[in-house]
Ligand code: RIB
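We begin with a single chain expressed as C-alpha coordinates, specifically the form predicted alone.
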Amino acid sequence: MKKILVVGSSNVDFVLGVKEMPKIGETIRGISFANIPGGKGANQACACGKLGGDCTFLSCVGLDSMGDLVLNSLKSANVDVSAVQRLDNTPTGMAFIMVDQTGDNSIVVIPGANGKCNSRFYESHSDLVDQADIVLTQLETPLDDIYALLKQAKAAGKVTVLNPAPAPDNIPDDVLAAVDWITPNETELSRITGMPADTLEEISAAAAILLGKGVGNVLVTIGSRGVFLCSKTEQIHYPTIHTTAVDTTAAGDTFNAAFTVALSEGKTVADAIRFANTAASISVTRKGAQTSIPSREEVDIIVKDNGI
(Lines give C-alpha, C1' and ligand atoms only; values in the text may rest on other atoms or scores of the structure.)
Protein backbone atom coordinates (compact mmCIF):
# COMPACT_ATOMS: atom_id res chain seq x y z
CA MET A 1 0.00 0.00 0.00
CA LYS A 2 1.31 3.44 -0.92
CA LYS A 3 1.59 6.28 1.59
CA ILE A 4 -0.90 9.16 1.44
CA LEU A 5 -0.17 12.69 2.66
CA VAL A 6 -3.25 14.87 3.12
CA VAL A 7 -2.48 18.57 3.43
CA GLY A 8 -5.21 21.01 4.34
CA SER A 9 -7.68 22.59 6.69
CA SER A 10 -9.01 21.60 10.09
CA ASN A 11 -12.27 23.00 11.45
CA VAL A 12 -14.92 22.33 14.01
CA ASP A 13 -18.34 22.39 12.37
CA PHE A 14 -21.25 24.04 14.14
CA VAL A 15 -24.13 22.32 12.36
CA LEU A 16 -27.59 23.88 12.46
CA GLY A 17 -30.52 21.83 11.23
CA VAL A 18 -33.29 23.94 9.68
CA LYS A 19 -36.56 23.25 7.89
CA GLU A 20 -35.55 25.57 5.06
CA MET A 21 -32.83 28.16 4.51
CA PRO A 22 -33.63 31.61 5.94
CA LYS A 23 -34.17 34.48 3.56
CA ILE A 24 -32.19 37.72 3.96
CA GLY A 25 -33.31 39.47 7.14
CA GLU A 26 -35.40 36.51 8.28
CA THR A 27 -35.23 34.87 11.72
CA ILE A 28 -36.18 31.20 11.83
CA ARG A 29 -36.39 28.47 14.46
CA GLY A 30 -33.76 25.77 14.18
CA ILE A 31 -34.46 22.05 14.46
CA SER A 32 -31.14 20.73 15.78
CA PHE A 33 -27.54 21.61 16.66
CA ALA A 34 -24.32 19.61 16.74
CA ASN A 35 -20.60 20.27 17.21
CA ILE A 36 -18.69 18.02 14.79
CA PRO A 37 -15.01 17.89 13.75
CA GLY A 38 -14.63 18.95 10.11
CA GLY A 39 -12.62 21.01 7.65
CA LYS A 40 -12.04 19.68 4.14
CA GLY A 41 -8.49 18.59 4.89
CA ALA A 42 -9.34 16.86 8.15
CA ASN A 43 -12.43 15.27 6.59
CA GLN A 44 -10.36 13.81 3.78
CA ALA A 45 -7.67 12.59 6.16
CA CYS A 46 -10.31 11.02 8.41
CA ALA A 47 -11.95 9.32 5.45
CA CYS A 48 -8.60 8.01 4.23
CA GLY A 49 -8.02 6.49 7.65
CA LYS A 50 -11.50 5.03 8.02
CA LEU A 51 -11.29 3.50 4.55
CA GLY A 52 -8.00 1.75 5.28
CA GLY A 53 -5.43 4.15 3.84
CA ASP A 54 -1.92 4.71 5.23
CA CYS A 55 -2.50 8.40 5.89
CA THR A 56 -0.52 11.26 7.43
CA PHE A 57 -2.15 14.67 7.94
CA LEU A 58 -0.41 18.05 7.77
CA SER A 59 -2.38 20.96 9.22
CA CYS A 60 -2.62 23.56 12.01
CA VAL A 61 -5.11 23.76 14.87
CA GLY A 62 -5.46 25.91 17.96
CA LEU A 63 -4.33 24.92 21.43
CA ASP A 64 -7.96 24.71 22.48
CA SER A 65 -10.77 22.24 23.07
CA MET A 66 -11.79 22.43 19.41
CA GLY A 67 -8.29 21.37 18.39
CA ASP A 68 -8.60 18.43 20.78
CA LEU A 69 -11.88 17.45 19.12
CA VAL A 70 -10.33 17.45 15.65
CA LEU A 71 -7.24 15.50 16.65
CA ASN A 72 -9.13 12.90 18.67
CA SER A 73 -11.42 12.20 15.72
CA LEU A 74 -8.44 11.69 13.40
CA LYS A 75 -6.58 9.51 15.87
CA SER A 76 -9.64 7.28 16.19
CA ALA A 77 -9.53 6.85 12.41
CA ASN A 78 -5.87 5.73 12.57
CA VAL A 79 -4.54 8.90 10.94
CA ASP A 80 -0.97 9.97 11.79
CA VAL A 81 -1.38 13.48 13.27
CA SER A 82 2.13 13.85 14.69
CA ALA A 83 2.90 16.68 12.23
CA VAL A 84 -0.23 18.73 13.02
CA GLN A 85 0.92 21.99 14.63
CA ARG A 86 -0.91 23.35 17.68
CA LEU A 87 -0.93 27.12 17.97
CA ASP A 88 -1.44 29.21 21.10
CA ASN A 89 -3.47 32.43 20.82
CA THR A 90 -4.95 31.27 17.51
CA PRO A 91 -8.28 29.43 17.51
CA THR A 92 -8.98 26.26 15.58
CA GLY A 93 -10.83 26.98 12.36
CA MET A 94 -14.62 26.97 12.51
CA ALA A 95 -17.41 26.36 10.02
CA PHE A 96 -21.04 27.31 10.58
CA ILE A 97 -23.24 25.00 8.52
CA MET A 98 -26.97 25.16 7.92
CA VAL A 99 -28.54 21.96 6.60
CA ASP A 100 -32.15 21.95 5.41
CA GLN A 101 -34.56 19.03 5.32
CA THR A 102 -33.69 18.19 1.71
CA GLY A 103 -30.01 17.66 2.67
CA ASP A 104 -28.71 20.84 1.01
CA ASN A 105 -26.29 22.98 2.99
CA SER A 106 -24.92 26.51 3.28
CA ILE A 107 -21.52 27.10 4.93
CA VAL A 108 -19.58 30.04 6.40
CA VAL A 109 -15.93 29.32 7.29
CA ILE A 110 -13.72 31.15 9.83
CA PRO A 111 -10.11 30.15 8.95
CA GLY A 112 -8.44 30.56 12.36
CA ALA A 113 -5.30 28.41 12.60
CA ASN A 114 -5.71 27.34 8.97
CA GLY A 115 -4.26 30.71 8.01
CA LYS A 116 -0.93 29.56 9.47
CA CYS A 117 -0.64 26.72 6.99
CA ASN A 118 1.99 28.58 4.97
CA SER A 119 5.13 27.79 3.00
CA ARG A 120 7.37 28.12 6.04
CA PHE A 121 5.27 25.52 7.84
CA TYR A 122 5.25 23.19 4.84
CA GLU A 123 8.99 23.57 4.31
CA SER A 124 9.58 22.49 7.91
CA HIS A 125 7.81 19.22 7.02
CA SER A 126 9.23 18.68 3.53
CA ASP A 127 10.27 15.20 4.64
CA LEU A 128 6.60 14.19 4.66
CA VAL A 129 6.30 15.04 0.97
CA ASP A 130 9.45 13.01 0.30
CA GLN A 131 8.03 10.02 2.19
CA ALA A 132 4.59 10.12 0.56
CA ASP A 133 3.53 8.46 -2.67
CA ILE A 134 0.29 10.42 -3.15
CA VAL A 135 -0.42 14.01 -2.00
CA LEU A 136 -4.07 15.04 -1.62
CA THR A 137 -5.03 18.63 -0.93
CA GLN A 138 -7.80 21.23 -1.16
CA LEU A 139 -8.00 25.04 -1.13
CA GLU A 140 -9.22 26.06 2.34
CA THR A 141 -5.69 27.10 3.35
CA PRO A 142 -3.62 30.00 1.86
CA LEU A 143 -3.56 29.47 -1.89
CA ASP A 144 -0.04 30.51 -2.91
CA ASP A 145 1.44 28.25 -0.23
CA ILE A 146 -0.57 25.18 -1.16
CA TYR A 147 0.18 25.83 -4.84
CA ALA A 148 3.91 25.83 -4.03
CA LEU A 149 3.53 22.53 -2.17
CA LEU A 150 1.73 20.94 -5.12
CA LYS A 151 4.54 21.94 -7.46
CA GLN A 152 7.09 20.58 -4.98
CA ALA A 153 5.24 17.28 -4.79
CA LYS A 154 4.99 16.97 -8.56
CA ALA A 155 8.69 17.77 -8.98
CA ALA A 156 9.45 15.02 -6.47
CA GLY A 157 7.54 12.51 -8.58
CA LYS A 158 4.49 12.17 -6.35
CA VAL A 159 0.95 11.56 -7.58
CA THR A 160 -0.94 14.79 -6.91
CA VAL A 161 -4.69 15.04 -6.29
CA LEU A 162 -6.28 18.49 -6.03
CA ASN A 163 -9.83 18.98 -4.84
CA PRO A 164 -10.30 22.64 -5.92
CA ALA A 165 -12.68 23.62 -3.15
CA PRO A 166 -13.56 26.27 -2.34
CA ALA A 167 -12.92 27.16 -5.98
CA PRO A 168 -10.94 30.31 -6.82
CA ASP A 169 -11.70 32.33 -9.95
CA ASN A 170 -8.72 30.66 -11.62
CA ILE A 171 -5.75 28.45 -10.87
CA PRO A 172 -2.33 29.41 -12.32
CA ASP A 173 -1.24 27.38 -15.33
CA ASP A 174 2.00 26.22 -13.69
CA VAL A 175 -0.04 24.83 -10.79
CA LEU A 176 -2.47 23.03 -13.09
CA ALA A 177 0.51 21.44 -14.83
CA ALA A 178 1.52 19.98 -11.46
CA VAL A 179 -1.84 18.23 -10.92
CA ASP A 180 -2.34 14.60 -11.89
CA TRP A 181 -5.98 14.47 -10.77
CA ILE A 182 -8.27 17.47 -10.30
CA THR A 183 -11.66 16.70 -8.75
CA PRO A 184 -14.12 19.61 -9.01
CA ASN A 185 -17.88 19.44 -8.88
CA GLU A 186 -19.82 21.16 -11.66
CA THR A 187 -19.93 24.53 -9.89
CA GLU A 188 -16.20 24.46 -9.13
CA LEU A 189 -15.35 23.41 -12.68
CA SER A 190 -17.39 26.29 -14.05
CA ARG A 191 -15.74 28.80 -11.74
CA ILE A 192 -12.13 27.86 -12.43
CA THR A 193 -12.65 27.65 -16.20
CA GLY A 194 -15.23 30.40 -16.74
CA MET A 195 -17.30 27.91 -18.75
CA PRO A 196 -20.79 26.48 -18.17
CA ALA A 197 -20.73 22.96 -16.73
CA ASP A 198 -24.29 21.70 -16.46
CA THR A 199 -24.55 19.07 -19.20
CA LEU A 200 -21.99 16.36 -19.88
CA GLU A 201 -21.14 18.12 -23.14
CA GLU A 202 -20.44 21.36 -21.28
CA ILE A 203 -18.41 19.52 -18.64
CA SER A 204 -16.34 17.92 -21.40
CA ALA A 205 -15.62 21.29 -23.00
CA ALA A 206 -14.66 22.87 -19.67
CA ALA A 207 -12.48 19.89 -18.74
CA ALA A 208 -10.67 20.20 -22.07
CA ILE A 209 -9.43 23.61 -20.99
CA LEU A 210 -7.80 22.12 -17.88
CA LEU A 211 -6.35 19.21 -19.84
CA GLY A 212 -4.89 21.68 -22.30
CA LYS A 213 -3.08 23.41 -19.46
CA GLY A 214 -1.39 20.22 -18.31
CA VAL A 215 -3.77 18.59 -15.85
CA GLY A 216 -3.43 14.84 -16.10
CA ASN A 217 -7.07 13.88 -15.51
CA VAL A 218 -10.28 15.76 -14.71
CA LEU A 219 -12.69 13.89 -12.45
CA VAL A 220 -15.94 15.86 -12.11
CA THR A 221 -18.37 14.89 -9.37
CA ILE A 222 -21.93 15.54 -10.54
CA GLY A 223 -24.03 14.75 -7.48
CA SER A 224 -26.68 12.08 -7.92
CA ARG A 225 -25.55 11.61 -11.53
CA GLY A 226 -22.22 10.20 -10.36
CA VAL A 227 -18.85 11.16 -11.86
CA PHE A 228 -17.59 12.16 -15.30
CA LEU A 229 -13.96 11.30 -16.10
CA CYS A 230 -12.20 13.34 -18.77
CA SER A 231 -8.65 12.59 -19.85
CA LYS A 232 -6.72 13.13 -23.06
CA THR A 233 -7.67 9.62 -24.21
CA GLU A 234 -11.18 8.98 -22.87
CA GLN A 235 -14.41 10.37 -21.47
CA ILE A 236 -16.49 8.08 -19.29
CA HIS A 237 -19.60 8.68 -17.20
CA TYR A 238 -19.75 6.58 -14.02
CA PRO A 239 -23.23 6.57 -12.46
CA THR A 240 -23.55 6.14 -8.72
CA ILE A 241 -25.85 4.18 -6.43
CA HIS A 242 -29.17 5.93 -5.84
CA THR A 243 -29.72 6.97 -2.23
CA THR A 244 -31.88 9.49 -0.40
CA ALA A 245 -29.65 12.35 0.72
CA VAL A 246 -29.92 13.51 4.32
CA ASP A 247 -26.80 15.73 4.43
CA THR A 248 -24.25 16.27 1.64
CA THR A 249 -21.69 18.09 3.82
CA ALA A 250 -18.73 15.70 3.43
CA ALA A 251 -19.73 13.75 0.33
CA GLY A 252 -17.04 15.34 -1.82
CA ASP A 253 -14.40 14.85 0.84
CA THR A 254 -15.37 11.20 1.21
CA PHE A 255 -15.21 10.72 -2.55
CA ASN A 256 -11.75 12.29 -2.80
CA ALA A 257 -10.38 10.23 0.07
CA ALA A 258 -11.88 6.99 -1.18
CA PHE A 259 -10.53 7.56 -4.67
CA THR A 260 -7.07 8.30 -3.27
CA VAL A 261 -7.11 5.23 -1.02
CA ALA A 262 -8.12 3.06 -3.96
CA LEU A 263 -5.25 4.45 -6.04
CA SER A 264 -2.87 3.79 -3.15
CA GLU A 265 -3.95 0.15 -3.21
CA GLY A 266 -3.25 -0.18 -6.93
CA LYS A 267 -6.88 -0.42 -8.06
CA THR A 268 -7.66 0.48 -11.65
CA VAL A 269 -9.04 3.95 -12.26
CA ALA A 270 -12.47 2.52 -13.03
CA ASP A 271 -12.54 0.48 -9.82
CA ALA A 272 -11.22 3.45 -7.83
CA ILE A 273 -14.04 5.66 -9.12
CA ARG A 274 -16.67 3.03 -8.36
CA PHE A 275 -15.26 2.55 -4.87
CA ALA A 276 -15.29 6.32 -4.30
CA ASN A 277 -18.84 6.68 -5.65
CA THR A 278 -20.01 3.98 -3.25
CA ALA A 279 -18.34 5.59 -0.23
CA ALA A 280 -19.83 8.99 -1.07
CA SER A 281 -23.29 7.50 -1.62
CA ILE A 282 -23.20 6.14 1.93
CA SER A 283 -22.00 9.43 3.45
CA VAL A 284 -24.96 11.45 2.14
CA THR A 285 -27.38 9.23 4.07
CA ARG A 286 -25.92 10.44 7.39
CA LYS A 287 -25.65 13.78 9.13
CA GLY A 288 -22.43 15.68 9.78
CA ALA A 289 -18.96 15.71 8.27
CA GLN A 290 -16.62 13.12 9.77
CA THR A 291 -19.57 11.45 11.50
CA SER A 292 -21.01 10.58 8.07
CA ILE A 293 -17.90 8.86 6.68
CA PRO A 294 -18.37 5.09 6.29
CA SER A 295 -15.94 2.40 7.36
CA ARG A 296 -14.05 0.26 4.86
CA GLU A 297 -16.19 -2.74 5.79
CA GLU A 298 -19.40 -0.87 4.97
CA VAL A 299 -18.15 0.16 1.55
CA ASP A 300 -16.78 -3.29 0.72
CA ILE A 301 -20.12 -4.93 1.54
CA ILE A 302 -22.05 -2.66 -0.82
CA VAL A 303 -19.40 -3.02 -3.54
CA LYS A 304 -19.68 -6.81 -3.26
CA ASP A 305 -23.49 -6.93 -3.03
CA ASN A 306 -23.94 -4.68 -6.06
CA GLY A 307 -21.18 -6.26 -8.13
CA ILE A 308 -19.40 -2.91 -8.43
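A residue's number is simply how far along the shown sequence it sits, counting from 1. What you see is a predicted model; the values in this text were computed from it and never measured.
If you look for the form predicted together with the ligand, you will not find it shown, but the lines that follow are about it.
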{"query": "Contact check for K40, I107 and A289 against the ligand in the predicted bound form, heavy atom at 4.5 Å", "finding": "yes"}
{"query": "Proximity to the ligand in the predicted bound form, single hit among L51, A250, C55, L58 (heavy atom within 4.5 Å)", "finding": "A250"}
{"query": "Contact assignment for the ligand in the predicted bound form, among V215, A197, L162, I97, heavy atom within 4.5 Å", "finding": "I97"}
{"query": "Any non-hydrogen atom of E140 within 4.5 angstroms of the ligand in the predicted bound form", "finding": "yes"}
{"query": "One stretch from 262-270, 276-284, 32-40, 65-73 that, in the predicted bound form, holds residues within 4.5 Å of the ligand by heavy atom", "finding": "32-40"}
